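A single chain, nothing else alongside it, follows as structure tokens in the form predicted alone.
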Amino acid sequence: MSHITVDDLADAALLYCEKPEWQDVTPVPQYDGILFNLSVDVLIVVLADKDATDYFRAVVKSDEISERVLQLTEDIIRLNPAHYSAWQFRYRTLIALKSNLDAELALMDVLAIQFLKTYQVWHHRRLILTALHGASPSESLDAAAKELHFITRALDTDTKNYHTWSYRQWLLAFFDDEALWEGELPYVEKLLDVDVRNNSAWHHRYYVVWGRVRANGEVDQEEVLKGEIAYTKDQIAGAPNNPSAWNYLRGVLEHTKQPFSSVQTFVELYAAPARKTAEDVVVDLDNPGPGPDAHLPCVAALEFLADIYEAAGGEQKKAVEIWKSLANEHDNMRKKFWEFRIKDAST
């Protein structure tokens, strides 16, 4: 469906079929059937899109490379930002004309915010940055730094947009410059301070901590592991039923090949029923417990504890009992899954 409304077209230029400078082009129409049962507003938008794409097919057929093709593709993209062929032909035209790619990025700043969830706009930015890097590697780093600032602005609009996060990670990996990487962990922690359930931020934290920055061997892996476990425990203590933090804890242990049982003492605090009195609370700085208002037992902790028992050998019955409690009481939504786990354990 078009992202443009009749109000957007009210002051627009003529249709391409009415423009004198396009009279030398014979449009190539596509049969779309009979347009019926459409409101006037929708019909105007549809006709504008049809007019532009008829001329687009014509320039593709003739393989025209010109400034007016850039205007045509921009108009089509504004009408339909998911039009992949228009994006591809636009990029090809930009490169062939040796156009100002910085100016193209400035235009993409507008379109990326307007069409934030459209994959094509982010892919186009990636192509432009790659082309800039090929032309001038040193100057492209400045462009990459500016791009990080723009991505941050885009994430302020939608902190969990998959395309934006994927593009940010590509940018970091492609340029792989220390100056670009150094602000990533503080940025992620800022996002998690605002919303500890931001799964995208947790995913990016894993990418930053266990990706390029920690892979060069210059950092003590043991200290990094201790720090990440301590940080994650603190976040779980503040929001015990946050699956993102529990999944991060699992990921950290799996990545470093540490057994889940290494955090069993901590997990048990959240797998137990809520404590009744202050006397039940034992302060352990290495294993911060849940607050007095925490909803316990925590489903993620129960699952974690069952996995610990299953891996231990000889503790299978304890794991099955936990799965039964999840199926019948604590996590009915996934009842079939827990029943599968129980059945699988008995075979």
Partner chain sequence: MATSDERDWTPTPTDGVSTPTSTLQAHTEEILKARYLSTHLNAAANANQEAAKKPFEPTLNKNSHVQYLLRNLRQGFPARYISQEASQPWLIFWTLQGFQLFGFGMDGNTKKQTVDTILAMQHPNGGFGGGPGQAPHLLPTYAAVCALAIVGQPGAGGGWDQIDRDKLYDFFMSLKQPDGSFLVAHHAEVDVRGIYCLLAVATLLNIITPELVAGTPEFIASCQTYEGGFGNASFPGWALRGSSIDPSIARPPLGEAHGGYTFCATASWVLLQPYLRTSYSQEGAVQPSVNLKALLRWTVQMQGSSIELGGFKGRTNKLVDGCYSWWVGGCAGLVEGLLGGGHSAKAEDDAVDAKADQDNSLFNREALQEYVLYAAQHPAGGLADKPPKPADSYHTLYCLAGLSASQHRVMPSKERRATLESVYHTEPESQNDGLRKEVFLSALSWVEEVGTAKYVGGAESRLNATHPLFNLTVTHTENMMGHFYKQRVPVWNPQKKSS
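Here the structure is a predicted model, which means the values were calculated and not measured. Residue numbers count along the first chain shown, from 1.
Keep in mind that the form predicted in complex with its partner chain is not shown, yet the notes after this line are about it.
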* Although its partner chain is absent from this view, report whether V110 comes within 4.5 Å of it in the predicted complex, heavy atoms only. => no
* Asked: Could you tell me if Q30 has a non-hydrogen atom within 4.5 Å of its partner chain in the predicted complex?
  -> yes
* Though only this chain appears here, would N247 touch its partner chain in the predicted complex if you measure heavy atom gaps against 4.5 Å? -> yes
* Asked: Taking 4.5 angstroms as the cut-off for heavy atoms, does S140 touch its partner chain in the predicted complex?
  -> no
* Structure fact -> Of 200-208, 97-105, 130-138, 223-231, the segment with heavy atoms within 4.5 Å of its partner chain in the predicted complex is residues 200-208
* For the three residues D49, Y162 and N242, verify that every one has a non-hydrogen atom within 4.5 Å of its partner chain in the predicted complex; reply yes or no. => yes
* Of T152, Q71, Q169, S262, which residue is found within 4.5 angstroms of its partner chain in the predicted complex when only non-hydrogen atoms are counted? -> Q169
* Structure fact -> Residues in 72-101 that come within 4.5 Å of its partner chain in the predicted complex by at least one heavy atom, in order, are L79, N80, A82, H83, Y84, S85, Q88, Y91, R92
